[in-house]
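Just the one chain here, laid out as structure tokens, in the form predicted on its own.
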């Protein structure tokens, strides 16, 4: 079920009464190929003479690589190439902005292929290319590696201890007033603060404090990492890859292999899920290096075990949250400390977690301190609103207990302290055109919120925030000779963006959606675009598409004026046709098809391309309510009912917006109840497969109700805001708060697995 609530906004970019395509629900243009199996994913691609590439990975979480002997493997018939760290250039530290976060290119290269040390179980040590999978496997078994096994550390607080084994001899804690002289696993300390913390707590009538922790969780995409790469004898490279950004793949491969970016052409395959986990590279540079050495195309596909052991989950964390409030619920102070596991190299999302932790609240005095900590675990990757679900779990759990302490309704407590238009956000900017208050009201007035509960049942509320971003984007719109249109962009479709791009172009051009074909182009066929991430695509790429279409409309009016023999200011474009506004001229309307057929008479082919750096992405807010039932005998949690309200700006394709919200909730529920990386005492992951790493399936979830609150973003032609990341932020806390209501005891450690809940019930 879905509801749409709309606040009239004089700042809305377009009058919705004029919209014919935007806001409707056409069939997705890529749907038929996907449901019939015709769509090509990374592992579906093949080339003549193609070799199979496989990776040798470290069995140890921390070990010095004394030597790697590949002679026996090279002598095996069918082996065409073997690479190790010695085949890659040494890179200097260099930060590269890649949408949701920055990557250190040196660390990226060392993660792709280890050099002196293996830093986690699964770290790549060597790769082979052979004529068959069996030969490649045998070759891997013949590679002899001598290790000096070193002490390892997995838990984030253990890694912060003074006596912890240090992963990087040259890593010194950043963000301190004075540079340390001793290497540390604490890569960085960040702090955001405002006001006088001590005075704020002194003003409080009630102070609540607690500690929370979360486990590392994987994005859980169904499609493993896969690619095909070919390097020709003249150095020209082609890569086919499932990723969240073909330009990101091009840049990273060029940097890691020291190749000109112009020599690499990356063609995006369909993507079977990413959720942030495919915003980096693991296989592509290896496949290119193997192709360079062998002279043949190389295909590489991770096993599911490799996906878990060698690609990035999100961080495990430890948090403390301290809140102060007056008796009427007014927050006076907040003190938040976040310790995030980065994995083998710096770069956890603790910065974003710090910025989002208190973003929903107007608090005069606060301090948020975050620590980025390296551990002997896979380097973390982005996971849908990176960091925000984790910090929201701590803050929203504390807010729930504060409401209980004050005897306040949990929505009322949040409404009392909510940010509004004009509020200065905790992370700096001033909020404009936000719909947070409307989402709170949508849940408070929803029938779900007042529905009765039964025995062993509980209800939880939580709120969440994500910035949404814009960034560099390119789009082209070309008109075919029959008057149909092609929309060409450089961003992989991971959530229905083909449809939304086509819809926005169709709206501007006045065409039926069936007459617009969206295409995701390779890196040689369209200008640069940032990757698909940060909930930026509909906003930023949609802005480029809309401007390109608007440019075409202006050109069509000029062409129509020539054919009508009138001035261009006497021509208007109305629903796909040029109309002479001076009726006394007696000029017949000219459709887009008419103008396309005569394009040779008016200047030649009709098309335009726009490149821009989109600014002004509207931030998103969500409010969720969850009902659960806890079996007191087993500790099993059943999700009974779930409703999510979100400020979506303008829903370009409402069905996809609903799907994004429902998908975020589903992943958040899994994160809250079941999902976690489990390591043995030797630092090896014990549950590297979907049988033991349990994600929610259909039978674990009810129908998730969505309420779309439309508060238009005036900085977008159709009022759009990003929607894909906000919905995963509240569920961790919403579920935990509901479980607290059901069992009468706060649980502060995720996941809330049946053994943990049963132990809490027994202890209580």
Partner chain sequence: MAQLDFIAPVSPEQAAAALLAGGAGARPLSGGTDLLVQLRSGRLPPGLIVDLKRIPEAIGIRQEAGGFVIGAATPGIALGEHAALTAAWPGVIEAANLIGSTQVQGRATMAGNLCNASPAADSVPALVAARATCLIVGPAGRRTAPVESIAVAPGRTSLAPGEFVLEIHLPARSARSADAYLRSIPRTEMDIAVVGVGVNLTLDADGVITDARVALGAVGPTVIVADAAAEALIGSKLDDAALARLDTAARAAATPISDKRGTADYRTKIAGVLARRAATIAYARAEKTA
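Residue numbers count along the first chain shown, from 1. Predicted model, so just to flag it, every value in this text is computed and none were measured.
Keep in mind that the form predicted in complex with its partner chain is missing from the display, and what follows is about it.
The contact with its partner chain in the predicted bound form, taken as any heavy atom within 4.5 Å, belongs to 691 out of 524, 451, 691, 161. For the residues 288, 479, 135, 73, the 4.5 Å heavy atom test against its partner chain in the predicted bound form is passed only by 135. When contacts are judged by a 4.5 Å heavy atom cut-off, residue 634 counts as touching its partner chain in the predicted bound form. Among heavy atoms of residue 755, some come within 4.5 Å of its partner chain in the predicted bound form. A residue is said to contact a partner when one of its heavy atoms sits within 4.5 Å of a partner heavy atom; residue 695 meets this definition for its partner chain in the predicted bound form. Mapping the unseen interface onto this chain, residue 700 counts among the residues with a heavy atom inside 4.5 Å of its partner chain in the predicted bound form.
Figure note: of the listed segments 153 to 161, 564 to 572, 127 to 135, 488 to 496, the one touching its partner chain in the predicted bound form, with heavy atoms no more than 4.5 Å away, is 127 to 135. Although its partner chain is not shown here, in the predicted bound form the stretch 228 to 246 places no heavy atom of any residue within 4.5 Å of it.
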